[in-house]
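Two forms of the same protein chain are encoded below as C-alpha cells; each is given separately, as structure 1 and structure 2.
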Structure 1
Amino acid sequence: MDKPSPYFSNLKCRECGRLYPKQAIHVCDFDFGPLEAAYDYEAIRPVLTRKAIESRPHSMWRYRELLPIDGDPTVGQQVGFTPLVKADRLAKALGIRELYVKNDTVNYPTLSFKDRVVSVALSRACELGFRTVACASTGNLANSVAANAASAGLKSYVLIPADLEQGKVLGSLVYGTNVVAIHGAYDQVNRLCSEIAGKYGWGFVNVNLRPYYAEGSKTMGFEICEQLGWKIPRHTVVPMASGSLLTKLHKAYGEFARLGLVEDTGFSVHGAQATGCAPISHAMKRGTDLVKPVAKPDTIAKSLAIGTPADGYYAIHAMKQTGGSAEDVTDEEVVEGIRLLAECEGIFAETAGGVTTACAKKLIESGKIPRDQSAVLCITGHGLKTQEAIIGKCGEPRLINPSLREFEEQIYSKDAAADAVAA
C-alpha cells in the first residue's frame, strides 16, 4: 500500500459534508448523497505552481496533487494533454468571435475522454488491491476499461446495452475483456452492475470506485485553462450523459481559481444533449432541478443515452451558478454538427461531438452565448467509433474509369463550373 497522499485527504459527502475513509465506497450512509474526493488545498497551493506544472511531462498527471491517488499513477501515465484547437473556420460558421475545440478524439489509448477517468479509477483500484475491474458503459468507457485493464494486467468485465454501435463493441473485444451485452437500456445495465459489485466485490469504476473515477474529468478543465494561457474560458459547452463531466469541469475551474493558478473572471458552463434523451436539458428549460427520467432513450447519440443521469441535479446547479444554459438537438442536427466540425476543422467526432457542436450553434443563435465573446467546445470521442450514424449522409464517391478524359469531363469541368457560380 502506498503512503497516504498529503493532498488527497478523504472522501466527502456532497450533501451533508460527512467525511469517509478513502475506500471503495460511493454513497453516504446518512443521507445517501454521493461521495467525492476532498483535498487539502492549503498543502497543495505552494506545491502546484504554474512553474511546477509546466516542468512536468505532457499528460493529465501534471496536475497529480488534485487527483485522488496516494502514490504515483500506475495506469494510463500517457493519457491527456490533448490539443486545444483555435477553430477560426468553425467560429465563422457559427457566428462567434472566438472559438476553441478541446479535441479529446485523439486521447490515448482509446480516442475518448474516458481514458482520463479510467486511468484514475484503475490506478486507485490497484492501490486498493483490486484484481478484477468492471464497468457499465454506453461504449467509450467499455473501450477504455478494456484497454487500460489489459495494459495493467487486470481482469475486466464490461457490461453494455445490446444495441451498441459495432465499432464500440469491437473496440472492447479486441483487448480480450469479457464483454457482456444486455437486453435493455443503460440504466438497467447500471443497476445490474451495482448488484454484481455488491455480491462479488469487484472494482466497478463507475459504481464503488466512482469518487475516484469522476475526478479524472477535471483534467480536461485544467488543460483548457493552461492551454488558454492560464485563463478560464468565458463559455464552455459540454456534452451531458450522466452530467458528471460538466460538474467536474466546473470544479476544475474553481480549484484552479482557489489555488491562484488562474483569475476567476467569471465563466459560464453550458450543457448539450440529444433530444431523444435530454432529461437534464428539459429540466433546465423547465426551470427546475427535478430531473424526469427517460425510460426509453431514442437517439443516435448512444454514448449520451442515460435516461436517469446520476449527476443531473448537480449539473443543473453548476449551470445555474455560472449563468450557463442547456440545449438539445435532433438526430438530424447531430449529423449536421458532425459534418460541420469535420468540414471546418478536420476533426471527425462521434455523435456526442455532433451534439456539442449543434447545441453550440443553437446557444449562439439564441444569444445565450453572445457572438462577441469566446467559447470552448468539449469534443469527447472519435467519429470512427460511430460511423453508422453518418453512413449515406455525407454523399457518395463519384465513379469513373481510369481515363484522364473522363476525369476532366465528369469531375474537373463540373467542379470548375460550380466554383465559378459560387464565386
Structure 2
Amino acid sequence: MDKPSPYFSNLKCRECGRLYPKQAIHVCDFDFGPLEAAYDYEAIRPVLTRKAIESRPHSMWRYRELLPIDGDPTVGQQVGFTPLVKADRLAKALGIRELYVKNDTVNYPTLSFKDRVVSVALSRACELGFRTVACASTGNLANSVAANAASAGLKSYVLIPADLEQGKVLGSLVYGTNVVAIHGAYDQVNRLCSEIAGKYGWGFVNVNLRPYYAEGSKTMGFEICEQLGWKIPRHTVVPMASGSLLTKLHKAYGEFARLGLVEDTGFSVHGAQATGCAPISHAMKRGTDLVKPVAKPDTIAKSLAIGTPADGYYAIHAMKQTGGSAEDVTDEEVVEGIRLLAECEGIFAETAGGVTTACAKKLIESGKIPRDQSAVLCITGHGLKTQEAIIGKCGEPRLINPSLREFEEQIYSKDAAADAVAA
C-alpha cells in the first residue's frame, strides 16, 4: 500500500460537500450526488511550480500532484502531452484571428483522449487492490481499457451494446479482453451495467472508479495552458457526450489559476454536440439546466451519443459561469467538419472531431466566439476509428491505364485548367 498522497486529500460530494475516504465509491450516501477528487492546494502550491513541471517527462503525469493517486503511476506512464497545433489554415477557413488544435488523435496507446482517464483509473485501481477492471462503452473507452489493462497485466471485461460495429469490437478483442455484447434497449443495458458494477467487486472505470477516472481529463487542459506558454485560452471548444470533459477542462483552468501557474484573464468554454443527440446543447439553448433525456440518439457521432448525460447539469453551469455557449450540428456538417480539419491541417479526426470543428465554425459565424480573439479546439479521437462515417463522402480515386498520355490528358491537363480558373 502506498503512503497516502499529501496532495490528494478526499472524495467530496459535488452537491452537499460531504467528504468521503479515497475508496472505490462514486455517489454520496445522502443525496446521490456524484463524488469528485478534492486536493490540498496549499500543500501543492510550493511543489508544483512551472520549473518543476518543465523538468519532468513529456506525459500527462507531469501534473501528478493534481491527479488522484497516492503513489507513482503504474498504468499509462507515457500517455498524454499530445501536440497543440497552431492551425493557421483552419483559422483562415473559419475566419478567426488565432486558432489551435489540441490533437488527441495521436494520444498513446489507443488514439483517443480516453487513454488519459483510463490511465488514472487503472493506476488507482491497482492502488486499491483490484485485479479485474471493467467498463461499459460504445468504442474509445473500451479500446483504451482493453489496451491499458493488457499492458498492466490486469484482467478486463468490456461491456458493449450488441449492435456495435465490427471494427470497434475488434479494437478491443485484439488485446485479449473479455468482450461481452449485451442485447436490449439502451435503458436496460445501462441499468445492467450499474448492477454488474455493484455486484462483482471489480474496478469499473466509469462507475465505482469514476471520481478517479474523470480527473484524467484535466490533463488536457493543463497541457493546453502549458503549451500556450502558461496561458489559459480565451475560448475552448469541447465535444460533449456525458459532459465530463468540459467540466474537467473548466476545473483544470481554475486549478492552474488558483495555484498561480497561469493568470486568470477570463476564459470561456463552449460545448459541441451532434443535433441527433444534443440534450445538453438543447437545454443550454432553452436557457435551463434541466437536461431532457434523448430516448433514441440518431447521429453518426456515436462516441457522443449519450442520451442521458451524467454531467450535463454541471457542463451547463460551467458554460454559463464562463460566458460560453453550446452548439450542435447535423451529420452533414459533421462530415464537412472532418474534411475541413483534414484538408486544412492534415489531422484526420473521428466524428466527434467533426462535431467540434463544425460547431466552432457556427460559434464563430454567430459571433459567440469573436473573430478577433483566439480559440482552442479539443480534438479527441482518430478518424481511423470511424471511417464508415465518411466512406463515399471524400470523392473517389481517378482511374487510368499505365500510360503517360492518359495521365497527361485525364489528370494533369484537367488539373492545370482547374488551377488556372481558380487563380
Partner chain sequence: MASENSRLWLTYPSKLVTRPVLWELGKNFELITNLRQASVTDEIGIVSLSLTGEREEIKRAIAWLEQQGIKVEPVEINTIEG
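Basically, rigid core = biggest C-alpha set you can superpose within 1.5 Å across the two forms. Here, a residue number simply tells you its place in the sequence of structure 1, counted from 1. All values derive from a computational prediction rather than experimental measurement.
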Mapping for form predicted alone resolves to structure 1
Fill in: Leu164 C-alpha moves between structures 1 and 2 by 2 Å or more, core aligned
yes
